[in-house]
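Here we start with a single chain on its own, the form predicted on its own, put down as structure tokens.
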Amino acid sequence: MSDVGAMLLEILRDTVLAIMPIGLLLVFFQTVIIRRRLPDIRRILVGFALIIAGMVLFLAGLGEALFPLGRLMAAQLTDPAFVGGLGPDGTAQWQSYGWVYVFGGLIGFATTIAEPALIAVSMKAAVVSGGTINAWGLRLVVAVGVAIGISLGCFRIVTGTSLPAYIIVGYVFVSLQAFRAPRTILALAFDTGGVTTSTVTVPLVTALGLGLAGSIPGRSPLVDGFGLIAFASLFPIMTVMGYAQLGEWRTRNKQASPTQEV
């Protein structure tokens, strides 16, 4: 059997083992707790088969393309010939990695726009709000937050500064911001921070972080390579609440401005 076939079989086995508890749980509650037969069993089985096939292909694609591509891009962007040489201490200054921050931000923005979980949440938010929340607008605001977070996370990896310090300061700011944000947007803002870390964003961002930490002298992939996902979850909360606060401020100023009579 070829290496690709062996890899697919191994992923298939792991995927089936991961999906099986979900199926057993649903069957148990449907037949034992609710005491009703499963409706349209054939359709359910086809759906589970499609889920398994999709996950196998997706996980295989991650290992064969996305993770190697992330490491390759990080290695190229941090190459001394590209960043302009190394400093006296043998490392490049943080200012030399400007394209790394730009690339990280663009990757964060692009993957968030394509994130299926965010698309689903934004569509539901638009329906529930009666059109007050624009689905595309919400996705753009969340994507901007992820872009800022990933860029700052890349800066943290380059400089080797403390991850807990960034996260603590960020959540203190979010907590203070939550007291002033409109109540109608508060829960949605925190949810958007979670849905950004899903099937599209996580693999590429993780590959970027590991590749970046492995390419910069003095950085450890285990210690410094992870943590970008935390930034991707934190900053969308800020941008969504900030956007709602800005809209509320503009509406309040428009209503308060006196009409001038000619």
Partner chain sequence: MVKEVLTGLATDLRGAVRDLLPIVLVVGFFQILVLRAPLPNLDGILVGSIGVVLGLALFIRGLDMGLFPIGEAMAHGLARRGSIVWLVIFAFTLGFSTTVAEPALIAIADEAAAVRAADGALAATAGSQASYALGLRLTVALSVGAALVVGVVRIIKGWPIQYFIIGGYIGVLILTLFAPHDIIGIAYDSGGVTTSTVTVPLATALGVGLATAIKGRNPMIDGFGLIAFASLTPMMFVMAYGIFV
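Quantities reported herein were computed from a predicted structural model and do not represent experimental measurements. Numbering follows the first chain given and starts at 1. If you superpose the two forms and keep the largest set of C-alpha atoms that fall within 1.5 Å, you have the rigid core.
Omitted here: the form predicted in complex with the partner chain. The next part is about that form.
- Does the trio V144, I148 and Q245 actually contact the partner chain in the model of the complex, every residue with a heavy atom within 4.5 Å? Spot residues vs the partner chain: no contact at all.
- Message: If we define contact as a non-hydrogen atom of the residue within 4.5 angstroms of the partner, is I216 a contact of the partner chain in the model of the complex?
- Response: So I216 does not count as contacting the partner chain.
- Query: Is A187 one of the residues lying within 4.5 Å of the partner chain in the model of the complex, judged by heavy atom distances?
  - Reply: It does: once the partner chain is placed as it appears in the model of the complex, A187 has a heavy atom within 4.5 Å of it.
- Message: Is it the case that A207, even though its partner is missing from this view, gets within 4.5 Å of the partner chain in the model of the complex, heavy atoms only?
- Response: It does not: once the partner chain is placed as it appears in the model of the complex, A207 has no heavy atom within 4.5 Å of it.
- Task: Give a yes or no for L12: in the model of the complex, does one of its heavy atoms lie within 4.5 Å of a heavy atom belonging to the partner chain?
- Result: Result no; L12 lies far from the partner chain in the model of the complex.
- Message: Need the contact residues for 176-210: heavy atom within 4.5 Å of the partner chain in the model of the complex, sequence order, or none if there are none.
- Response: Result: A178, F179, R183, T184, L186, A187, L188, F190, D191, G194, V195, T197, S198, T199, V200, V202.
- Message: Relative to the superposed rigid core, does I11 relocate between this form and the one not shown - that is, does its Cα move 2 Å or more?
- Response: Yes; I11 is a residue whose C-alpha shifts (by 2 Å or more) between this form and the one not shown when the cores are overlaid.
- Query: Does the C-alpha of V127 move 2 Å or more between this form and the one not shown once the rigid core is lined up?
  - Reply: Moves: no, less than 2 Å.
- Task: Establish whether a shift of 2 Å or more occurs at the C-alpha of R71 between this form and the one not shown, with the two forms superposed on the rigid core.
- Result: Comparing forms between this form and the one not shown, the R71 CA shifts at least 2 Å.
- Query: Is the CA-CA spacing of L66 and V158 tighter or wider in the model of the complex than here, given a 3 Å or more change?
  - Reply: Farther, not closer.
- Task: Note whether the distance between the C-alpha atoms of T111 and F67 decreases (closer) or increases (farther) in the model of the complex, against the displayed form; the change is 3 Å or more.
- Result: Closer together, which means the C-alphas of T111 and F67 are at least 3 Å nearer in the model of the complex.
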